[in-house]
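Take a look at this one chain, the form predicted alone, written out in structure tokens.
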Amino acid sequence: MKLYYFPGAPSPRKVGIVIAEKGLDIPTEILNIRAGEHRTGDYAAVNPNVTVPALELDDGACITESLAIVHYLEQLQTEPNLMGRDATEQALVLMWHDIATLEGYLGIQERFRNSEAFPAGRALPGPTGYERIPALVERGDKRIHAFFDKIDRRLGESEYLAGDRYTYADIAAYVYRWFAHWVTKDDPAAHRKHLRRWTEAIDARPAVASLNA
């Protein structure tokens, strides 16, 4: 088994936190996507989508989406449980994961990839080039604020997103808060008290702190 990884990008970072939480030791190859290393060499043969992360299994099968990789790792090592212990909790984890991804992550990506800070022709990930649409920067900002307001309200009602314990839904949203801070230079948790409480609790987890060091 081999993980293709880059800690400075949100999707690989989610997988990295899960691996650290579960104490797994997986051989890893770092591909610096900011330098375009995922788009050169032999990696396209491993993952034609030229995105990271990717988990190459011993039989040659390749899992390429972070949620799918995390699901596989959860089956491989069931404890600590991060994807839900019963049908209701599993559904809530997936629900909040999807809310975080569709409303949060995609809004941040919209803001980032359509700005002048991002290379021309790379507005969407993958092998096909797409040009930036500058108007989407403003819309991305609005989506970011709306998303973190929603998360703050939820965390005012519940200790964690899917309930009273830490799950993969929290890992995903935590990474998206980190990503939003990196993109906008404004920490969404700075002026949202419930989000700040939750962020500080996750910051203090040894597995997370080891990646943030």
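One rule holds for the numbers: they count along the sequence shown, beginning at 1. A quick note: this is a predicted structure, and the numbers were derived from the prediction, not measured.
The same protein also exists as the form predicted in complex with a small molecule; that form is not shown, yet it is the one meant from here on.
Though the partner is left out of this view, residue 12 does reach within 4.5 Å of the small molecule in the predicted bound form, counting heavy atoms only.
Not displayed here, the small molecule is approached by residue 65 to within 4.5 Å at the level of heavy atoms in the predicted bound form. Although the partner is absent here, residue 96 sits far enough away that none of its heavy atoms falls within 4.5 Å of the small molecule in the predicted bound form.
Proximity of residue 177 to the small molecule in the predicted bound form: non-hydrogen atoms within 4.5 Å are absent; the residue sits far from the partner.
39 is the sole member of 165, 153, 145, 39 with a non-hydrogen atom lying within 4.5 angstroms of the small molecule in the predicted bound form.
Stretch 121 to 129 is the contacting one of 136 to 144, 121 to 129, 72 to 80, 85 to 93, since its residues have non-hydrogen atoms within 4.5 Å of the small molecule in the predicted bound form.
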